[in-house]
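Just one chain follows, in the form predicted alone, and it is written as structure tokens.
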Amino acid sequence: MSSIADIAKSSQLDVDGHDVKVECRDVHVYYGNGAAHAIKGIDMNIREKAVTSFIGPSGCGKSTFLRCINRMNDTIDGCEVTGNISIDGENVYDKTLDVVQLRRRIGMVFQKPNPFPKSIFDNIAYGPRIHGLANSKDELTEIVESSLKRAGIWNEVKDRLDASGTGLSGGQQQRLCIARAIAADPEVILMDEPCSALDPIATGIVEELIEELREKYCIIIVTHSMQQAARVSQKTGFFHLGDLIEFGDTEQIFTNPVEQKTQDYISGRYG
């Protein structure tokens, strides 16, 4: 008789019956042509239309694992990824896959806001232009406006779309980068410590934005802040020295973890 987990796996549902967007099986990452084993056999189902957070001490592998999902590690010499990562059942590491198209489906927001040295309008229009998502200037303008609105920054920039994106405040730049990611019409949004360079007010605004965006997107966030993970995510994975120690509902991870290492980290005994 099949277990609940087996049924969930075969039908692209997790054990709670939610749709699975990203499926990871036995994922390993090696650096230095095998000299360093950075990620060790990660298995994880990541939900559609939910926020999944990765927590753990610095250097534990959470950002490395995040970058496996959109193949950002391909750009690192001597980095090897094994195992299987699939989105809607399609293997991300299939040799016939167009990596440019993959990264359109998987948007990324980095730790430090990185607007292009272009106008606010051109920052948002960049993705739709290179991927051919707009057939006219009017369509492109509509995508830019819609993306800025969904990122909660339209009212602050609508009268200066020709101004440089680098002239915005740190919090505004990060929301601009989120708008830029949204504009390419992704299915998954990866966020690598998106609030670490922001003040508390800007952090609160971005967290509210994440809460709104999860109604449409699968969001995966790496955060050094356990409080942030508890506030914004529905599922949490705790990483330690390249291992996924525990993965489950965020409330359970923070209130009643199964593993002692998780308990020790949550309670501040190390990290």
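From 1 onward, residues are counted along the sequence shown. Small disclaimer: the values here were computed from a predicted structure and weren't measured.
A second form of this protein, the form predicted together with a small molecule, is not displayed here; the remarks below concern that form.
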Exactly one listed stretch (56 to 64, 43 to 51, 201 to 209, 229 to 237) reaches within 4.5 angstroms of the small molecule in the model of the complex by non-hydrogen atoms, and it is 56 to 64
Is there a heavy atom of H224 no more than 4.5 Å from a heavy atom of the small molecule in the model of the complex?
yes
Does any part of L213 reach within 4.5 Å of the small molecule in the model of the complex? Heavy atoms only, please. no
(message) How about I76 - does it come within 4.5 Å of the small molecule in the model of the complex, if we only consider non-hydrogen atoms?
(response) yes
* Asked: Are any of the heavy atoms in C68 no more than 4.5 Å from a heavy atom of the small molecule in the model of the complex?
  -> no
Is the small molecule in the model of the complex close enough to F116, D122 and L190 that every residue in that trio has a heavy atom within 4.5 angstroms of it? no
